[in-house]
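First, one chain by itself in structure tokens, the form predicted on its own.
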């Protein structure tokens, strides 16, 4: 089935993205899920085309441009179908033998940590789990992290310290449609995950009100009843000002605070200095708008505060999310039916990808790698001694920045990521990759990072493999194989087995995803993210199962899963949510005379992440063909820039060019660039959040010049 014509080009502002809805699956169709964002929209694949499913609540019959065109990459002429060794096709045995021999030589000289692993938030749960196990068992290295560190880490850190558990939405997404008020802080869902908008539309159709916090008048902000156009880097100050107003104007839920939280007195004292006028001076948001936002949230019977990358991708992202959580707790929202705080997770398996061990400090089940009990449990499942498991390693950017240095890894095995485009200060990252003794990349196209590799393994795509994904609700979903992979292509599980077998431990690395999931269930049992009661059969029968879902004794009724984990208690030792005092601080890099403008980055409707997939799909490149620089008419006039001019953007780290787009949807002191192409992340600042180790993607100081 072809998509409706309106979704081929730029999406109309209605953003319904709904085509003809099938009342039953097409004959011969495989029920699976979209390869892109964390909504994990349900779709059928048959005869090389997709049709939306109606049984998955996240999309319920809708798809965006990316989803409708997802199958076009399956038979792309740019597909890799043979391993490459220094750019030349070779056999699988030759490529695997070469990689294993180089790993042995490098580790013999530099120790286990001489080899590093870098994963991705789009890998299935099985592949993320196996990658973490491979690093710690086959390589014995502590040097593993993944690109989800660039996406969800600040929200995860804040949720863990407030609630004792991190799950993007700790309630079903359909609860949003029944809310009376929703605040979106730094989330442009109308472009990043358009089917999400159906839930906001339902909310507003029922009389609910939408508040959007964003320095740009995005497509999402255009849908809002109230748009708070915050100065880049000041979301934390805004949240503190809103909390000050909520307390001063009597919107605090004193009974809830006394019964279900701790730490409120300290937080109340800490925000006493953030009177509204001070917050306005820092953020640029008028006091009247701040008071209106608090009134909307405070008077709603059911209200939600949701954060996204705009609030989180800062060197103070953890504290910013904490401040919004403090506001939600003061209003009595988390753990209340129909209300709450949540994070709009970005990558396809951004939730599951960080639960099962490809993050530097974690083991499967969201266990901490430094916890002796966690190490003992997982080591028993893996059949190794707890003492043989390495400790925590470097975070994502710190790992990339250490590559090839005297004390850093000399080899990198990379799965499901393209850091040459997606990492901050990307020029430096490319230099570090180029300095390695060995770079191995598993991908299905020759991404910018794969083009630098010594060895490239051609791997399967989403519709060519089976496995589970965990969407932004914490709902574990089943991705079914819809088509066979091209001849010569292997799965990541097979690639990991091939290397491990040559390193002498292949028996520990099955290639069947169902066998890997069975082991994952045992490894996660008793952990925060407990999948032990989830099976492929249950997922298929129930169209997804919410974790935690522990196993039960034989003969007992299966655990139903946990769609709303905080209704009775939070996951902290005492069952209470924690309010944590935080203080605003400026962006890591302020504007000045040399770099007088703010740069903020983000996504556009037609493309996804580094663009390695979507920039190879013709309808998407037609809709959005190249990188652009969005700037305000006043700034354009001042710099003598007209629409369509080539513009060079310069930061302290590098320069990038794009086509000028001039409109009034952005602040006069701010420019915007999408990060799907080579360019924007040459400029961004790698300053790290001290807790989450999230880089400051969302604000840096730049200058502009018109290219002659």
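Residue numbers count along the first chain shown, from 1. Values in this document were obtained by computation on a predicted structure and should not be read as measured data.
The same protein also has a form predicted together with a small molecule, omitted here; what follows describes it.
Residue heavy atoms within 4.5 Å of the small molecule in the predicted complex occur in exactly one stretch of 441-449, 631-639, 84-92, 535-543, and that stretch is 441-449. Three-residue candidate spot 130, 359 and 497; no residue lies within 4.5 angstroms of the small molecule in the predicted complex by any non-hydrogen atom. Although the partner is absent from this view, residue 509 stays clear of the small molecule in the predicted complex, with no non-hydrogen atom inside 4.5 angstroms. Remark: residue 97 does not count among the residues lining the small molecule in the predicted complex, judged by a heavy atom distance of 4.5 Å or less. Interface membership of residue 232, defined by any non-hydrogen atom within 4.5 Å of the small molecule in the predicted complex, is confirmed.
For residue 332, no non-hydrogen atom is located within 4.5 Å of the small molecule in the predicted complex, even though that partner is not displayed. The partner is absent here; in the predicted complex, the one residue of 467, 310, 317, 170 having a heavy atom within 4.5 Å of the small molecule is 310.
Contact with the small molecule in the predicted complex, judged by any heavy atom within 4.5 Å, is made by just one of 241, 474, 419, 365: 419.
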